[in-house]
Ligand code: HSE
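Shown below, as C-alpha cells, is a lone chain in the form predicted alone; questions about how it binds or moves come after it.
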Amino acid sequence: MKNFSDNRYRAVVRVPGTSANCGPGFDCLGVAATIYNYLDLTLLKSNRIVVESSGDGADKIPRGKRNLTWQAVKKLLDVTGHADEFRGAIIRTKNTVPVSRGLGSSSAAIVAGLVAANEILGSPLNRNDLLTLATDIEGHPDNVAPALFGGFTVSVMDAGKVQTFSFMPRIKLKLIVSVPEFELSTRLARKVLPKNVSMRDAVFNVSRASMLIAALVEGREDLLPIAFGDALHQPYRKKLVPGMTQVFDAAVDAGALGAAISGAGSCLIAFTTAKSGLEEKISAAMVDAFQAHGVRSKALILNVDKRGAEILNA
C-alpha cells in the first residue's frame, strides 16, 4: 500500500498480554506476561483511518472507527486538545496475544493506542493519567494496569478514580497458560456470575487474596498453594470451560503451586517457580486434561513481564 507515514507523528510500542484475577483477586489483581502485541502508529492530519493487522486474530480486528486502538487514540486526542489537529491514523499491529481467551488482548489494544499517541504528542500525560483513560475505556483496571506498568498490579477504584500498586514478586515465577481452541466472551463469562455472594465466600476470597499478595511480596513460596483459591467467580464459570477442574487438578498434581482461570477465560493459567523445572511437565498435564474432555489446546510457558508497555525505536 501507499506509505502515508510521517515519522514526526509516528511511534512504535510493545504491550504485554495480561492475566487478571489470579484466582481470588477478582477485578483487582493482574499480572503482565512475556507475550506481546506490537503497534506501529502514525497520526494523520486528514480524517483517513488505515488499519493493518497481522498475527493472532488479525481477521477479527475491526477496521475504521470501530477499531479499539483508534478509539483509545481518539480519546487521548480529545483529552489533550489535539482532536482537531489529528483526525486520522495509520494503525499497524502485529499480535501474538490470543483474542478472546482471557489474556488481555483488548487491554493491550487500548494501552498501545494511548501510549503511542501520548509519545507522539510529547508525553503530556503520565502513566497514572493513561491508566485512568484506559480504565474508562475498558471499564475496569485489572488488565490495563499490568499492561501499562508490568509485574503484578493491585488496583482499587475509589470515588471513580483508580489507584494501582505495581510490584515484582520475590519468587521467580513461571506462568503456564493452557490455551484452548475455543473463545469465550467476557460478556458471557460475566453473565453467569451471581448478583450477590455469601459472607462466607467473601471472607474466603479476601483472606486468600491477602495471602497471595503477602506471599508474593515476601517470597513465601510455601504459602502459595493455599492462596489461589476462589469462591466468587470460578465456581460459576467452570461450566463454560469443559474440564476446568480437572485441568487445575492435573496442573497441581504435576507440581504447580496453583491454577486459575485467566481473566474471564477460556485460558487457564498455572503457577510454578523457575527453579522447579516443572513447567514442561505441567504444560503437558494441562493439555492432556483438556484433551480428555474433548478440548484441543496448546500451552505457553511465560515469565512475568517487568516493564509493561514500552516505546520502541520507530
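Computed from a prediction, not measured in an experiment: that's the story for all the values here. One rule holds for the numbers: they count along the sequence shown, beginning at 1.
FYI, the form predicted in complex with L-homoserine (HSE) isn't displayed, but the following is about it.
With a 4.5 Å cutoff on heavy atoms, R220 does not count as touching L-homoserine (HSE) in the predicted complex; it lies far away. With a 4.5 Å cutoff on heavy atoms, N205 does not count as touching L-homoserine (HSE) in the predicted complex; it lies far away. The shortest heavy atom separation between D56 and L-homoserine (HSE) in the predicted complex exceeds 4.5 Å.
Residue contact check for R190: one or more of its heavy atoms lie within 4.5 Å of L-homoserine (HSE) in the predicted complex. Exactly one of the stretches 159-167, 85-93, 135-143, 195-203 approaches L-homoserine (HSE) in the predicted complex with heavy atoms within 4.5 Å, and it is 135-143.
Only one of A289, A264, A259, L39 comes within 4.5 Å of L-homoserine (HSE) in the predicted complex through a heavy atom, and that residue is A264. This chain is displayed alone, yet in the predicted complex one of K75, R237, R127, K174 has a heavy atom within 4.5 Å of L-homoserine (HSE); that residue is R237. Contacts between 194-225 and L-homoserine (HSE), taken as any heavy atom within 4.5 Å in the predicted complex, involve no residue at all.
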